[in-house]
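The chain that follows stands alone, in the form predicted on its own, written as structure tokens.
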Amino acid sequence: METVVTGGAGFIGSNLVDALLERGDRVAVIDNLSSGKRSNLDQALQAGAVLHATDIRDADELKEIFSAVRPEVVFHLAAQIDVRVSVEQPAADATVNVLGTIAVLEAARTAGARRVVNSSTGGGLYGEADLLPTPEGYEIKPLAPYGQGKLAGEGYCSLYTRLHGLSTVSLRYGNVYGPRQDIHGEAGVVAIFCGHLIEGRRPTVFGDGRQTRDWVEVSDVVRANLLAADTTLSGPVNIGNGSETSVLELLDALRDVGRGDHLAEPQFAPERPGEVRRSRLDVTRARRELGWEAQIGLRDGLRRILAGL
């Protein structure tokens, strides 16, 4: 099957590309390499994947690539993912996460794609939810432009289904972590803390550390994408562990699996604007309608990261 993965050189995208190749798909990757890494695709390119170093905001170039590939399924993961950047530069965030998504949908439509699996966000959309775990039908009230842009992207997916008959689904991820997440990057506190453990550096906790997240391992997210591609399920679907773990509890878990490495007590810094206090996703719909649930617990997921460092 012909597939396109936007953002395929990134942390989640490259893991998905590997899974698609393993099952026999022919994969075209679209990534401008601003945050994605060509090295994430070393094995994939040797196995036949093709990388197009293109920005999803270049609508004309996207249409040319899609027209040549003629994908049956498009996995849309390319995005501006830094909440802080979205707060500081909301218009720039929207050009990627809104206009870029429109360009992907239009390219998919004109190329005759059967299905678009869109990557969205859970905690970034629900904001400070009073109901935990939070279901897909809960009130949307993001605290940052990042969440607002992702909501707009979901809306355009649904519009293209109604207007053009293009089959779409939006997967609302919890906080994804796992192999290939940049330990020196701005996003992904799990990877950053693993880097601190290995390198003997003192971690920084923003706020009091009692803020919670629903962490989900990347292989579980990849499996959700593959399942979603093979259904006609539409609308938003939460993809998480369905549990909440505080940042301080994350540090304790990392100490438990740290192979004897010492993780220093954290230093605390002021909390950052736009970040939610608590997040836990209700994954009932994913379990019931997608046949999916997370299989990797946090400590096993941490061991997978450390094994590769």
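When you see a residue number, it is the position in the sequence shown, counting from 1. It should be emphasised that the depicted structure is a prediction, and the values quoted were computed from it without experimental measurement.
The form predicted in complex with a small molecule is left out here; the points below concern that form.
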* For this chain shown on its own, do D31, I56 and A79 all sit within 4.5 Å of the small molecule in the predicted complex, going by heavy atoms? -> yes
* To do: Answer for F11 alone: is it within 4.5 Å of the small molecule in the predicted complex, judged on heavy atom distances?
  => yes
* Non-hydrogen atom contact R213 with the small molecule in the predicted complex at 4.5 angstroms -> no
* Asked: So in the predicted complex, does Y160 come within 4.5 Å of the small molecule, heavy atom to heavy atom?
  -> no
* Flag Y146 as yes or no: does it have a non-hydrogen atom within 4.5 angstroms of any non-hydrogen atom of the small molecule in the predicted complex? => yes
* Among S86, T168, N238, S119, which has any heavy atom within 4.5 Å of the small molecule in the predicted complex? -> S119
* Asked: Of the listed stretches (151 to 159, 125 to 133, 197 to 205, 71 to 79), which one has a non-hydrogen atom within 4.5 Å of the small molecule in the predicted complex?
  -> 71 to 79
